[in-house]
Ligand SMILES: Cc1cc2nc3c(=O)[nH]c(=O)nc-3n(C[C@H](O)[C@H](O)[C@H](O)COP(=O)(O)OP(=O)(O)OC[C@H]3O[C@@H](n4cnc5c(N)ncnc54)[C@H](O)[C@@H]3O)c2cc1C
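Coming up is one lone chain in structure tokens, specifically the form predicted on its own.
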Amino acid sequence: MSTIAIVGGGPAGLMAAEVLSQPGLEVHLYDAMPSVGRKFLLAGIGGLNLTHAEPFNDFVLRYGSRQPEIESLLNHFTPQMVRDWARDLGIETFVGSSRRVFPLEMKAAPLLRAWLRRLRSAGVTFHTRHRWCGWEANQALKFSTPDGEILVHADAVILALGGGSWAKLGSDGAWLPLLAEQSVVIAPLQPANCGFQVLWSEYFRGRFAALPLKSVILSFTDATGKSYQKLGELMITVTGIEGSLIYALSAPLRDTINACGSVTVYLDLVPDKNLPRLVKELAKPRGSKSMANHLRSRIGIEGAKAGLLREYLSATEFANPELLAAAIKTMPMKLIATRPIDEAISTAGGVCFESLDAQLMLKTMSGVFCAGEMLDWEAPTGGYLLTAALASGRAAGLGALAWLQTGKNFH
């Protein structure tokens, strides 16, 4: 009987275990944490976003420069197949107004419990509190456990160790030097779907942190001259900005900061009003009204939006309807850095696809496959991350299965 060792108990590792849990194979899954699926459960706190219901041709565009590699995985585990898989576990899903797909219960825990029951029933053995520490002689896997160090021999290995965000949940990137020692080409990990730092004044930070900027258009030009524009919602933080709008653009924003040292974005605070209308409304006499009341009653500017105007504009600009209107339509904001990688929702970088064969096996290590977020790809939130992680775990599992069945004679 062939023995499989899967290192990492996130979605990719669990999906690989599902593929491999069949007669003739002994599957052992190892995880450093006290329980598996911790980041998966965290993702479900706000309502587990399993996948997205947009057309497949649009779906695959979300993977940027790695679209060809991820699309080849998704062709064999499509967003619809993710929904079918969940249904097979007893979890019905629905499509939200944004076309995002969620479990009816809006929770991750029921799905994970059903999944683990099925895996255990299929014979998968789980080993928690087992931290992988690399290889010993003759490719034995070395684990640190509460009972001391152990060595594990396996006929095939699947590494699904995650990226570098939310280290307290298990994805700490400690695997990078272990694979680098094996001549695996690795792109440096970087934050993705992350917040950005802005130098707020003490007054603004203290007054407006944790308040939203709803229905704004963010635009900017990257280091190559490509322009971006997107409507959405931001959140003011003590250190800068975050939220769905900034996450959707985090990759080009991050890359522009890497190339130029900073990036200036422009916010349209009232997308539903054109500049001439703003000038007309702002020029109307305000009588005894305060400027704050004038902005609120005439154009609906209040809260954090009004605070931004005070943060960036001089008294002279405030008193001039043309200058004030122009600022409301194109409010400049300088982003000076990403927030730390451990705060990011996900990471970019990791094991380069050029280090892998078509079955996701390392070219420098026969019988060792990689899957999940530890691969060099990224995507925005919206179900794209989880779908690709599941698809890659399935592909790695099938790759290991084929490798074993063909007598370990392909690369």
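In case it trips you up, residue 1 is the first one in the sequence shown, and so on. Since we're looking at a predicted model, the values are computed, not measured.
Another form exists, predicted together with this ligand; not displayed. Remarks below refer to it.
Looking at Phe353, you'd find every heavy atom of it more than 4.5 angstroms from this ligand in the model of the complex. In the model of the complex, this ligand stays beyond 4.5 Å of every heavy atom belonging to Gly349. Within this chain, Asp155 is remote from the site of this ligand in the model of the complex, having no heavy atom within 4.5 Å. Interface membership of Ala344, defined by any non-hydrogen atom within 4.5 Å of this ligand in the model of the complex, is confirmed. Only one of Trp200, Phe220, Trp166, Phe77 lies close to this ligand in the model of the complex, with a heavy atom inside 4.5 Å, and it is Trp166.
Within 4.5 angstroms of this ligand in the model of the complex, the stretch 8-27 places a non-hydrogen atom from each of Gly8, Gly9, Gly10, Pro11, Ala12, Gly13, taken in sequence order.
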